[in-house]
Ligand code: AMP
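Take a look at this single chain in structure tokens; it is the form predicted alone.
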Amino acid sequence: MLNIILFGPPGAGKGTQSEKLILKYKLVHLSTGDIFRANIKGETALGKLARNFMDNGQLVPDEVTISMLEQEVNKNPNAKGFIFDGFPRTKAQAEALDKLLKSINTSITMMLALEVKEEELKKRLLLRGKESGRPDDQNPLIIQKRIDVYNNETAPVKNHYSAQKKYIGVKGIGAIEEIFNALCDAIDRKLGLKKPEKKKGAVKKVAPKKVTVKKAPVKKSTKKAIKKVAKKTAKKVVKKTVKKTAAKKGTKKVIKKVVKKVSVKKATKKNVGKHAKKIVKKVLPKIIKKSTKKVVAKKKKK
């Protein structure tokens, strides 16, 4: 069963769109305004009760309104669904409606809200007032009050159905058919009749395959070149370090100090690859040891 609450401020176009939705989805239209007028005119028990409250300047209690709605629902046992217009207006009414529908094994499918900016609403209502002659639509103060009441009183109803993930807002500005199609799309998606459209030009991402690259063996000639570079650089650093270090400290202590100062980066001059660094790591200590011994020995002779 498709049960829709058509929601929106005065002047949003609910009346126009509800008529079109009723025809397309074969829904029963339940307008609380129409139901009230019919009950009062027909002088039903509920109509008389509602009239009594109204004559005394009191609001008609929710229980009376719900009882009127229940009667209308029960009159249509084979209905494919209902579209509720003008109800619920408060959270208490929304909870009462949920309870009523639960008693007949159904629930609200969605709250469809026509979203229109306040300035646009005022323009529409003033225009409607000129065309229809309705005095309430010709007075800017009354229009503002009706919009304020809607914003203040019905916001909790929006929150109530948002919490149930049943609230869907639809842009209420544009051509009548354009808005109607947007409402139908929202309904069809909710019912699972229409899948969300895929973005044009979207390309399915494919995970890149892992590629393993074998390391090329280092040529003997390259090894020799690397050793030469390391040897040359190491010798320079050794000479500088030994000059600053007293020969009395002994060759081993000098070697240790040189090893700390001569890094792999310095020995490779930062311009040879990973393979070179591995080779230098092995070769460097030997080169340093030999170079240091020679320099220290020469210094001692002097």
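Here the structure is a predicted model, which is why all the values come from computation and not from measurement. Definition used throughout: the rigid core is the maximal C-alpha set that superposes within 1.5 Å between two forms. The first residue of the sequence shown is number 1, and the count goes up from there.
Absent from the display: the form predicted in complex with this ligand. The rest refers to it.
Here is the short version: of 146, 124, 190, 158, the single residue with a heavy atom within 4.5 Å of this ligand in the model of the complex is 146. With the partner removed from view, the residue among 81, 169, 86, 129 that has a non-hydrogen atom within 4.5 Å of this ligand in the model of the complex turns out to be 86. Looking at 115-123, 132-140, 179-187, 159-167, the stretch with residues near this ligand in the model of the complex, meaning non-hydrogen atoms within 4.5 angstroms, turns out to be 132-140. The closest non-hydrogen atom of residue 39 lies beyond 4.5 Å of this ligand in the model of the complex.
This ligand in the model of the complex is not approached by residue 45, whose heavy atoms all lie more than 4.5 angstroms from it. Contact annotation for residue 60: at least one heavy atom lies within 4.5 Å of this ligand in the model of the complex.
Within this chain, residue 93 lines the site of this ligand in the model of the complex, having a heavy atom no more than 4.5 Å away.
Proximity to this ligand in the model of the complex holds for none of 77, 100 and 106, with the criterion being a heavy atom within 4.5 Å. Taking this ligand as it sits in the model of the complex, the stretch 41-56 comes within 4.5 angstroms of it through a non-hydrogen atom at 53, 54.
If you fit the rigid core between the shown form and the other one, you'll see the Cα of residue 26 move by less than 2 angstroms. In the model of the complex, the Cα positions of residue 34 and residue 118 lie at least 3 Å nearer to each other than in the form displayed. Pairwise change in the model of the complex: residue 58 and residue 147 C-alpha atoms lie closer than in the shown form, at least 3 Å.
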